[in-house]
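One chain follows as structure tokens, the form predicted on its own.
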Amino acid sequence: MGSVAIDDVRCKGCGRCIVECPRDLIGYSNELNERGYQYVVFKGEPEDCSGCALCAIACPDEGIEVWRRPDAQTFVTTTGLTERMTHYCPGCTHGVVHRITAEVLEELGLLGRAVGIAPVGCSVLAYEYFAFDMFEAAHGRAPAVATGAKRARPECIVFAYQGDGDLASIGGNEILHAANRGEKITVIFINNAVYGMTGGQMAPTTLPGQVTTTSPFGRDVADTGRPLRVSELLASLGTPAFIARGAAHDSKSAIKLKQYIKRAFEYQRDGTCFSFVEVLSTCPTNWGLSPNEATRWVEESMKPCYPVGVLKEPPSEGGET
């Protein structure tokens, strides 16, 4: 038996929890909340809930908490995040990655040492949401700022949080050389195959045939080349590193993604190597899809181009590079 608490003010009505609930216990309210969203409500009895917490794991807005017993939460809002509500569009999975990142730092006891770098892009206001020290970086320059912070204060746990337009386009040179130097930083790379904040233009990661505001007839690879697979590019470097790609579009993927992000921070904590986690993320607004349609698009279209999994790990002690 479980118990579910839904914050109807934080809810943006994306409906991800409705899809994730295996017992169909969540549905839309007939009313709008004070922000104008049709929020969700728990429509069952407490004894109906199994306490699986899949609804809370999938929620991008920290709008749901779940208990198996009154004294045992299965999902707890981490102290690594502030109480501010995010500016992200309904269904955008930036919020899922924020929560996972903060949870991992808290579980590893690293919150007091954490320093985040927020560059230009949808993540430009990340400093409003993480409850620890943050730097603001120029467009694409987060790896350079992270390098400076880590070299000046090696005891800090420094991570850059970047989108695909920021990292793969204007910041391509920065990330390539930071990885090749083996900087002991962690980079979380949000790949939603489009420029988000600036209007949905084609990005280096845009899929062949994908429609964007600057490729209205679909990306033509004969003119623009094929999508840039950053994780594969970095994994090809000879420098030891941890390189992984996960996804945040559903609860199952988010659980696996958390494992990758945790390993990335563990490698930095231990002073082992550069670590990089790419995240396949949704952008319903710029894709012109509903949140649930965007989730299916990640599964059906993005994953074949960008396979998830660990692409590279540092050699074991005594092994060869």
Partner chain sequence: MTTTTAPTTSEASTGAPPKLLMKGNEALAEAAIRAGCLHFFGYPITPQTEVPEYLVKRLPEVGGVFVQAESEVAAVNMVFGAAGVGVKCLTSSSSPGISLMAEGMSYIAACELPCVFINIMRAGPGLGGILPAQSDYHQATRGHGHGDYQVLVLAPSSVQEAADLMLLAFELAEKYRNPVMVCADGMIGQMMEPVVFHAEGAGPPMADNDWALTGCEGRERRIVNSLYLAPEELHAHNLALKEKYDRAARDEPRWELYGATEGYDLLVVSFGTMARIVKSAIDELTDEGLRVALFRPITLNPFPYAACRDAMDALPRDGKVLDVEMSMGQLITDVKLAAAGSREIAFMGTAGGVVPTPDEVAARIREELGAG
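Positions refer to the first chain, counted from 1. Predicted, not measured: the structure shown is a model, and the values here were computed from it.
Form predicted in complex with its partner chain: not shown, discussed below.
- This chain appears without its partner; in the predicted bound form, the one residue of Ala138, Leu233, Leu108, Val221 with a heavy atom within 4.5 Å of its partner chain is Ala138.
- The partner is absent here; in the predicted bound form, the one residue of Met85, Leu237, Val145, Leu207 having a heavy atom within 4.5 Å of its partner chain is Val145.
- Screening 210 to 218, 245 to 253, 148 to 156, 100 to 108 for residues having heavy atoms within 4.5 Å of its partner chain in the predicted bound form returns a single hit, 148 to 156.
- Each of Tyr127, Phe130 and His177 is positioned with at least one heavy atom within 4.5 Å of its partner chain in the predicted bound form.
- Within this chain, Arg226 is remote from the site of its partner chain in the predicted bound form, having no heavy atom within 4.5 Å.
- Shown alone here, Val115 lies within 4.5 Å of its partner chain in the predicted bound form, counting heavy atoms only.
- Its partner chain is not shown here, but in the predicted bound form it comes within 4.5 Å of a heavy atom of Met134.
- Looking at Gln201, you'd find every heavy atom of it more than 4.5 angstroms from its partner chain in the predicted bound form.
- Contact annotation for 245 to 280: no residue has a non-hydrogen atom within 4.5 angstroms of its partner chain in the predicted bound form.
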